[in-house]
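So this first bit is one chain, no partners, the form predicted on its own, shown in structure tokens.
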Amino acid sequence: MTAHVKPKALENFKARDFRMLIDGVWTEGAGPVLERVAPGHGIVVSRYPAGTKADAERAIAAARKAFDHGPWPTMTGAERSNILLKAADLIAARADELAFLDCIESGKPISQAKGELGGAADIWRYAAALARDLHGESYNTLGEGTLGVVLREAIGVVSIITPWNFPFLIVSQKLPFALAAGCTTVVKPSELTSGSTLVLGEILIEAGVPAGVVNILTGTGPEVGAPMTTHPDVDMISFTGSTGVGRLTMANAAQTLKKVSLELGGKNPQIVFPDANLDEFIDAAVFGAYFNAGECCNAGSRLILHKSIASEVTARIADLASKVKVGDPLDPTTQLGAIITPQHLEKIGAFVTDAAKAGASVALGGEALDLGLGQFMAPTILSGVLPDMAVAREEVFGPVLSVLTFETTEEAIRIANAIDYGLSASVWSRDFDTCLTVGRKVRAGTVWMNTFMDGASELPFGGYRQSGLGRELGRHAVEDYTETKTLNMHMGARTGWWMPR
């Protein structure tokens, strides 16, 4: 792996200046300017207003007004659907621009960013279809004089807070479903990767979303995110990020009993039995560990291998991982890009150092890489990891793979479940009985069988325990942004308490 020079795509590059979107107007905000340094190139690529509590309050007021008095909640499902479909088309048309922003701001490979944009456009189209299918229930079985109707109504103003690892994809797992339900929103992307979400604001205006329905704030969590989670005019919070911040978000929401949807951390096991197709598994293991530099809540960061195959499989994974191309995120052939910040790179390195001190062996990598610009981490494998080690229990959020072993199916399930998280898992075996047994007993929101990190807009995503609350995607995603209301209708004369019977 050799040092690289500044790519041609950035030779004449000028940092892009952004503004916040409040009540349909692009504004500079009341605070100073934040500069984003590209993690893969070491240069300033974006500037944003550092939003304040006052900015958040203005945005919430705009969303409240748009919900209480604006046209969006009262539009037909077809009208909202058509606007979301137009937004999806515009996302597809500007996919290269959006992917470039996500690439330079987050450090993810450009080829991966383009793939995420294709997935995001599909989600917007799926949400558009659900906008026309949102419905309640009716009960004509309650007696001759009673008819019951259950309505689904938009919950109101939704605060949407998204992280830096999948800037456009994750906002697309939330915002179109809230809009499909008829909600209005205040959106805060990470201060590290706000660019593509702000471009989305331009897209939604062009698509016909009315002023105040989508407000986009930039800034830090304490300044902007906190009031978005405590303000009494916010009815619901949808948050993706760390489990620690998720706990704080839930505590803030409890002050006014807001509805909360949380997609948090994971420490996801891949359980591998001796009869598995090892060629396919080894490719999936490397992909699961190093996709998005391991900065992924769904990362397959915990391998639980049967003892009889552990040495062979670890060696084969190390051989393939050593060929993973680490480098310039703008190079279409790069597979593992930059780490988000220097501080996060240090945190990842500390996990590896502490694991080695605790008795694990570094089978591959383990060190930061000097590629000339930015911050990078070598693909890393830790073998001899025990279930009680921190690296086997805590989310590293980097390109670090921990290898554990088991002898019986029960032991594998026990190891998989012996942590605080329950986001996803996978099981590898040619015996479908084995796959189903493990799949039913592992406590996780998604269990893949003989594959890893596949997905579709139709399939719900979310976790058990400290991996979060609620689900995103799937046919019920729009319903999460609604309240149910019962209409109990009486027909004919009523016999009351004080009336003759």
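Throughout, we count residues from 1 along the sequence that is shown. These numbers were taken from a predicted model, which means no experiment stands behind them.
Just so it is clear, the following notes concern the form predicted in complex with a small molecule, a form of the same protein that is not shown.
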* Asked: Mind checking whether each of I161, L264 and E395 has a heavy atom within 4.5 Å of the small molecule in the predicted bound form?
  -> yes
* Structure fact -> Picking from P176, P189, P379, P269, the single residue whose non-hydrogen atoms come within 4.5 angstroms of the small molecule in the predicted bound form is P189
* Structure fact -> Checking A368, V362, L248, V324 against the small molecule in the predicted bound form, the residue with a non-hydrogen atom inside 4.5 angstroms turns out to be L248
* With the small molecule left out here, work out from 197-205, 78-86, 239-247, 100-108 which stretch has heavy atoms within 4.5 Å of it in the predicted bound form. => 239-247
* Asked: If you check in the predicted bound form, is G219 within 4.5 Å of the small molecule, heavy atoms only?
  -> yes
* Although the small molecule is absent from this view, report whether G225 comes within 4.5 Å of it in the predicted bound form, heavy atoms only. => yes
* Would you check, heavy atoms only and a 4.5 Å threshold, whether K259 touches the small molecule in the predicted bound form? => no
* Taking 4.5 angstroms as the cut-off for heavy atoms, does K347 touch the small molecule in the predicted bound form? -> yes
